[in-house]
Ligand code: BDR
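Form predicted on its own, single chain, as structure tokens, below.
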């Protein structure tokens, strides 16, 4: 008997790792993707929308793309909120060549389809509310769109199967010394999601950095002979090159953060260590703004609100990527 597809909405800020997440979501065949909502984050929202449309068109997928919020809910209203923090650079130039973690245009054919007229937040409210089956939501961007929708109609949570989000970190950071970028860019939205009462799984930097990919993995993806495999492999190499130049690399390889969240939604075995925890987010400004705070205590008032992934299985992650990115148009066909 064929497995019933889960209703899914992706919320992305498509750069490199979001691109692989979108590919995996669509090509897995395990989801009925109701739509893809797009937020600002890795770049401005218009650029992220165009990158998303490029992928959907490349795969020939009939999936609507909705443009969402161009900035955080309220964070930028407080002037100087993080003024003492050094900027988080995702690009640099060396010997006249630009190295970036997130390209403004993906290295695939340009988009021909257009974004939907409806705003992403309006779509989220309508699609979740009217779905005859509960909807899984996978946010891999600042959670502005999801936070706004839940703020406008908190009852949406009643028809959400679960939220599997990429964001946060425990005792590490990338956008700041202690905060991960998706939480850092819109802490208020992250808190709204964490406090929503939805079933939540969190894929923080701890898990994504434990399952990083290497150049041999990029070569294997390209060797699949599909456009999806080639794009994923090219983006892994792009991230590796940029990390090398900017001095970010470690012996754990290059994390493809957002794709690991989709992989966990597809196969629980890709995460080998996770814990039920009480999570919150710092949103009062200063050096810890946007930091995910995890209460490790186990007192009588302990009520977890999320399952937090701490360690991934890199080998299983690659198996999932190869299994599904081997589908779709052949590289020579495009």
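Numbering follows the first chain given and starts at 1. Predicted model only: the values in this text are computed from it and were never measured.
Unshown form predicted in complex with this ligand; subsequent notes refer to it.
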Using a 4.5 Å heavy atom cut-off, which of 219-227, 130-138, 179-187, 146-154 contacts this ligand in the predicted complex? 179-187
If we test each of 205, 198, 108, 240 for a heavy atom within 4.5 Å of this ligand in the predicted complex, the one that passes is 205
Could you tell me if residue 37 has a non-hydrogen atom within 4.5 Å of this ligand in the predicted complex? no
Find out whether any non-hydrogen atom of residue 258 is located within 4.5 angstroms of this ligand in the predicted complex, and reply yes or no. yes
Would residue 174 count as a contact of this ligand in the predicted complex, using a 4.5 angstroms cut-off between non-hydrogen atoms? yes
Just checking whether residue 166 would be counted as a contact of this ligand in the predicted complex - the rule being heavy atoms within 4.5 angstroms. yes
In the predicted complex, residues of 4-29 near this ligand [heavy atom within 4.5 Å]: 13, 17, 18
